[in-house]
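There is one chain below, alone, in structure tokens, taken in the form predicted alone.
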Amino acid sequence: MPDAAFEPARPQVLLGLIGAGIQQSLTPAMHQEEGRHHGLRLHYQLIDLEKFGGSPADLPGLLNAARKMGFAGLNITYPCKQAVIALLDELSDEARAMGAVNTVVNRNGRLIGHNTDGSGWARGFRRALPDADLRCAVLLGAGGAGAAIAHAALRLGVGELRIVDADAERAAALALELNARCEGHRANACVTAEQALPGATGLIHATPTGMAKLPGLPLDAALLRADLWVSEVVYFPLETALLQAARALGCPISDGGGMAVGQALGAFELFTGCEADPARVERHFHHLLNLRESR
């Protein structure tokens, strides 16, 4: 048996995730497992703002440290997807259009921002709901994930997008920006879900509500109807309170797992230059979920 000391060293890739309350994230395990299949020694570090009482104000120091330590890249999540933009050297066209970054790649010391949220959501949505009626969708949440999904939804063919956010000004700003980029006046800001849902054919949920650490519903369940499709971004738990209520009514649904896998596929290629195997990543994602739920 050959001595391990004489085996050729596998390329090492150092990655990280910056966000708040991210201890339950499956992203590190997904990237590390896929890296193994590509012959990479991939280490993925959680940088949890909640662990050290941090905030987006700590981003300059964290990005500088990642640059100095040779990180190949970083995933960015709540609440930093928009705050990180001003600190980067360059933005992809996608990230610039969406006004949010969830993936930062280190190219010879230059930090380049990308966004795989929109493409990740669209991939999962098309697989789960290929025949969805796209005439009118309501989007709950106009933050980093919501902004990316809004752009992707219009590109996917949603005829009218009604945007609801706890910050009414943020919803209005997103609608204005979307209408400036897309033909026709297809985006509108609404004050409440109750105002937005009549006549809608679908509902997209893009806020943290429903996560294990933020349980509950993002709207009154009485507003749901059997003829609405419902798309969720939260994946832990995979069956959120929103999806439980929607499933009970018979609504067609798309869970947050599709977006989680789609995001990872895009980010992995940006970080490593290797094309991830979608079926393998999806199998591993569900394996990880099953392990967690069985504990």
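Keep in mind the model is a prediction, meaning the values are calculated, not measured. Numbers follow the displayed sequence, beginning with 1.
Omitted here: the form predicted together with a small molecule. The next part is about that form.
The closest heavy atom approach of T209 to the small molecule in the model of the complex falls within 4.5 Å.
Although the partner is absent here, A166 is a contact residue: one of its heavy atoms lies within 4.5 angstroms of the small molecule in the model of the complex.
Contact check for L140: a non-hydrogen atom falls within 4.5 Å of the small molecule in the model of the complex. The small molecule in the model of the complex comes within 4.5 Å of no heavy atom belonging to L242.
Only one of G73, G202, P218, G124 lies close to the small molecule in the model of the complex, with a heavy atom inside 4.5 Å, and it is P218. Proximity to the small molecule in the model of the complex, taken as a non-hydrogen atom within 4.5 angstroms, holds for one residue of R96, R225, R186, R170, which is R170. Only one segment in the set 266 to 274, 40 to 48, 227 to 235, 65 to 73 has any non-hydrogen atom within 4.5 angstroms of the small molecule in the model of the complex, and it is 227 to 235.
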